[in-house]
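Here we start with a single chain on its own, the form predicted alone, put down as structure tokens.
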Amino acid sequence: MNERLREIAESITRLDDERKTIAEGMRERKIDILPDALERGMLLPVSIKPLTTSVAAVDGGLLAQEFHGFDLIMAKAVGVVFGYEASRLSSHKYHPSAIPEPEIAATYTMDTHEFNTYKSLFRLRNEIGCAAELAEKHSPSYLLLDGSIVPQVSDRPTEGTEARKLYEEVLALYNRLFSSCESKGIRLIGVIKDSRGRRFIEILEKMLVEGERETLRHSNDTSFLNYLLREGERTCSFSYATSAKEHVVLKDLKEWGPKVCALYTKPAPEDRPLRIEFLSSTPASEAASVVTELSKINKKYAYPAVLIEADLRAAMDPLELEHAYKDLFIRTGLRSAMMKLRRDSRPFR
């Protein structure tokens, strides 16, 4: 085992050193045009200025557990609206409240794979529904989502399943959110703190020689961009996918799919880049500027304070699920369906 760990450590070190070398070489080349990019210039400075505006954020929490005869799901979403004066917090409010009641549901016939998809969609329905309501009620200048502004491919269930109906509801909520933000002039921005995407890597690979491409094939966007970007810089913006017509989720979003854009920015010197997603109606420079300004609160942890507040408000204690289960147990009595799965009730550990 020790020998294998040594080999893994050497591989990690070698790959990281190669990423750094390639990044330094690309900076020296000063590349002006990248394939599939929506702007000229590979790396661009972020214009920072004090914010006097309203910024909202939405995040959600989820608890779920499988039992012998049913599955239990609990989720809640919280919206936070911060008012800023010269980048200083001047006001705050919550939607629907500071401590909302969770939504609870049960399913009965799903296998584990479908249940995993269903619970992710259940969380999304809460979050995107909350975001749409917040946009319509409070009309902030900026609305930040914790994560992507589109569903993930893994969230797309197959036809004819129970989860498919929920997926259609979620798509309708995204359409409502996009429409509300566009009509009210709200800048909708998704902030992904731990992106595992490779879209920017795929763009860069077209500019590199084979040896460099091999290194990038073992990299994701942020593991490479952490060396390429300096504090206060961003990448050029790029489309979410090479072809919206061929991307199954973007295709489901219909006219909104081709409008989804992304970029990376590095707000703090000792933290990794953030991925930012937005609609094409939002200027890339504005999206990067606002998120960077909001994220410069700690040199080692770059993330907007309003999203941190939403995350803390939406966090759920596993005891909430246990209390719900005990309540159901009291109401139903000792029934086979109420039994916990063996993996959750081992007597020997």
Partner chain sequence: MAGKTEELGTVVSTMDGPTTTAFSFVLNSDSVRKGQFVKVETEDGILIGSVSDITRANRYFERAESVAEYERNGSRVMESFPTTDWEYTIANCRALGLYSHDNLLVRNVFPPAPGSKVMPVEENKLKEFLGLDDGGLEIGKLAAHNVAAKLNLNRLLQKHIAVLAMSGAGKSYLASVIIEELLDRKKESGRPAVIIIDVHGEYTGFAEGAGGYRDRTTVIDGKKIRIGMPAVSPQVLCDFMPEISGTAKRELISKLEALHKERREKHEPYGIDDLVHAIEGDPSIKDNIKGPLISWLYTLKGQRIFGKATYPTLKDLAQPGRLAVLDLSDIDSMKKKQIIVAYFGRKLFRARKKEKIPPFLLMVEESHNFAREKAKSSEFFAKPVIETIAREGRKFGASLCLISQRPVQLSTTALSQCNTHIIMRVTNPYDIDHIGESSEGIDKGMLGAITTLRTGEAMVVGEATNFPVFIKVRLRKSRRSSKGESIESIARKFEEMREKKKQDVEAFL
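Positions refer to the first chain, counted from 1. All figures in this text were calculated on a predicted structure; none of them were measured in a lab.
The same protein has a further form, the form predicted together with its partner chain, not shown here; the description that follows concerns it.
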Could you tell me if all three of F178, R275 and S285 have a heavy atom no more than 4.5 Å from its partner chain in the predicted bound form? no
Partner absent here, but in the predicted bound form, which of 237-245, 84-92, 254-262, 184-192 has residues with a heavy atom within 4.5 Å of its partner chain? 84-92
Could you spot which one of E309, E39, E66, E320 gets a heavy atom to within 4.5 Å of its partner chain in the predicted bound form? E309
At 4.5 Å between heavy atoms, is K30 in contact with its partner chain in the predicted bound form? no
Against its partner chain in the predicted bound form, would K299 count as a contact residue? Criterion: heavy atoms within 4.5 Å. yes
Whether A305 contacts its partner chain in the predicted bound form should be assessed with a 4.5 Å heavy atom distance threshold; does it? yes
